[in-house]
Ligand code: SAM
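Read the single chain below, which is given as structure tokens and is the form predicted on its own.
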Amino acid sequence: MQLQDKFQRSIKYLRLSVTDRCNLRCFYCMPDKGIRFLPKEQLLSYEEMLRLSDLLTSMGVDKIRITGGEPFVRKDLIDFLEKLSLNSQLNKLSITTNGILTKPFLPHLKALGINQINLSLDSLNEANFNKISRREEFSNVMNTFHQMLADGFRVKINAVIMEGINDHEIGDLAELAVKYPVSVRFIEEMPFNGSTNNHTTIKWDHLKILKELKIKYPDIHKTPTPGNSTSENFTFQGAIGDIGIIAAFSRTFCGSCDRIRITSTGEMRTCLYGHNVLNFKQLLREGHSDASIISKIIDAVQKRSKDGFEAEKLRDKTNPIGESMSLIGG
């Protein structure tokens, strides 16, 4: 069985958030005072996540990315990953992390066949990193980065580009692809910052980011990109890694989107910019059968919006965009 929406887009990729908690307080994700983290009983249990993963992989999902918050903040994550990795219908299991707690677990991840890690890193300047994250963890994150490379992980760097904050570091971040075999992905800033004070336009869209890269690397050019990729990929002379630009605010990739999200509280989203469409926690705890849950998943996916702009328009006016990405799942 292959799960599809009404636009014949196959759903093959699940972003599964295991926690809303994070040990950073990045201002593009949270307001100054942070957010109110939820008690454990309001989150999906690992057993519930495993059951949902089994159901979705039986419907054609073959890639799962573990997100948060910061995944390694949640206790016993490795035990959960070990059980999840046993799913024979899963072709790829990966994880996004800020790297603060990750280093001791790298051998465990490697043993489980998790060989690709996305590392959030918005600045290569320690003072600026501390300003963005409101924490002093730069050396810890960089130590984890170098250990990932030494251990042979495929590393993708995620950098959100913000006007007047780290836009002057675009060239420096791109230089990582010269020094190391990494993919540096520049991400448009999105309005999921836990605040009602959200932008409706951005200066640093994907076009401007590319224009800035061309100043330092005039020969930068596109490389073949998988049809369901969220990024446009590039390379340039001297690069041993590559560059990706993700038009997360401009939403240029919606036509080939193959992903859904499950938040740490069990809410399903068929679009990041849309509203929650299913409450898995309620369904599971009310005792719904697998067949019942599968039927509800099919129905929700069939109602999926054409793109992020349509999904945003369909949101309840009393629930405008403004949640923290930590709550949604990064």
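So that there is no doubt, residue numbering starts at 1 and follows the sequence shown. Note that the structure is a prediction, hence the values are computed from the model and not measured.
There is another form of this protein, the form predicted in complex with this ligand, and it is not shown here; the text below is about that form.
Although the partner is absent from the chain shown here, Cys29, Thr97 and Gly330 each have a heavy atom within 4.5 Å of this ligand in the predicted bound form. The stretch that touches this ligand in the predicted bound form, counting heavy atoms within 4.5 Å, is 66-74, out of 282-290, 46-54, 300-308, 66-74.
Contact check for Leu3: no non-hydrogen atom falls within 4.5 Å of this ligand in the predicted bound form.
The closest non-hydrogen atom of Asn158 lies within 4.5 Å of this ligand in the predicted bound form. Taking the partner from elsewhere, Glu188 is found to have a heavy atom lying within 4.5 Å of this ligand in the predicted bound form. Taking the partner from the other structure, this ligand in the predicted bound form has a heavy atom within 4.5 Å of a heavy atom of Phe192. This chain appears without its partner; in the predicted bound form, the one residue of Thr102, Ser120, Thr230, Asn166 with a heavy atom within 4.5 Å of this ligand is Ser120.
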